[in-house]
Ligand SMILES: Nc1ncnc2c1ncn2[C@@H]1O[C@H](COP(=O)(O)OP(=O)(O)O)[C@@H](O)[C@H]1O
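Okay, so here's just one chain, in C-alpha cells, the form predicted alone.
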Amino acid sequence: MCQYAVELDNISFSYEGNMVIDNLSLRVRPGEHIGIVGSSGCGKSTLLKILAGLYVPDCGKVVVAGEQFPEKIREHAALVMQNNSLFPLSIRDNITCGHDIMEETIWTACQNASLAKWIESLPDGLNTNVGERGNQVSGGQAQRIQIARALCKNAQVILLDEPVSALDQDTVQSVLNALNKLLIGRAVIHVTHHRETLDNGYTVYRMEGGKLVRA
C-alpha cells in the first residue's frame, strides 16, 4: 500500500487567465478524512476535478493511489457531486459505467446505498432508464446511484462535492447513511460550504487565494 493515498506537490491551475489554484500541496493517508471549506468560486470543486483525473494542473505533481496519469487516476478515485451527474441510460449502466460487474456486486452496492427496495419496486428494475440528465429519478435517488457507482468501483479515494446540499431535509439522512458505508476505510476529501456537515473525524482546511490553510 502507498504511504499516501493522495499527494499534491506545488500544483497550480488557471482558468481563462485567472489563477484558481496557486502552488498548492496536500498529502492524505489511506483512511484519512479531509474537509475543505471556502466560499463559492474559491477553487474547491476545481481541486476535486484535478484529484479525479478530470483536469490536469498547469504545473506540479498529482499522485492518487500511486498513479500519476489521469486515465489511471480515474480508476482509483470516485467523485460524488452535488448536481445530478447521471447518464441518460439505465440504472445498471449508471452504476457499472459499462464495466463487467457481477450481479451480486451490483445488488450489494444498491443495498448499501439504500436503493435496493426502490429498484425492486420498478417494473424494469435495474434496467429502468433514468431519463435525460436523470430527470426520471429524484435528487436523493440520483445521489444514491452515484454512491452505488462508487461502491462498485471500490475506489481507494472518495471525492465529495456538497453531496447533500441540493436535497430536502427528509432525504438527507438516508443519503448520509449510504455515504457512511461508502467512506469506511477509504481516503476522503469532502468539499463544502458548511463546516457543520463535517464530523470530528475530519481534518479541516480552508481554501483561500488558491491555497489550503488549516481551519
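Please read all numbers here as calculations on a predicted model, not as lab measurements. Position 1 is the first residue in the sequence shown; the rest follow in order.
Keep in mind that the form predicted in complex with the ligand is missing from the display, and what follows is about it.
In the model of the complex, the ligand sits beyond 4.5 Å of every heavy atom of Gly31. Remark: Ser45 counts among the residues lining the ligand in the model of the complex, judged by a heavy atom distance of 4.5 Å or less.
At a distance threshold of 4.5 angstroms between non-hydrogen atoms, Asn18 is in contact with the ligand in the model of the complex. Remark: Gln169 does not count among the residues lining the ligand in the model of the complex, judged by a heavy atom distance of 4.5 Å or less. Exactly one listed residue, out of Asn180, Gln68, Ser39, Gln173, brings a non-hydrogen atom to within 4.5 Å of the ligand in the model of the complex: Ser39.
Proximity to the ligand in the model of the complex, taken as heavy atoms within 4.5 Å, picks out 45 to 53 from the listed stretches 182 to 190, 150 to 158, 23 to 31, 45 to 53.
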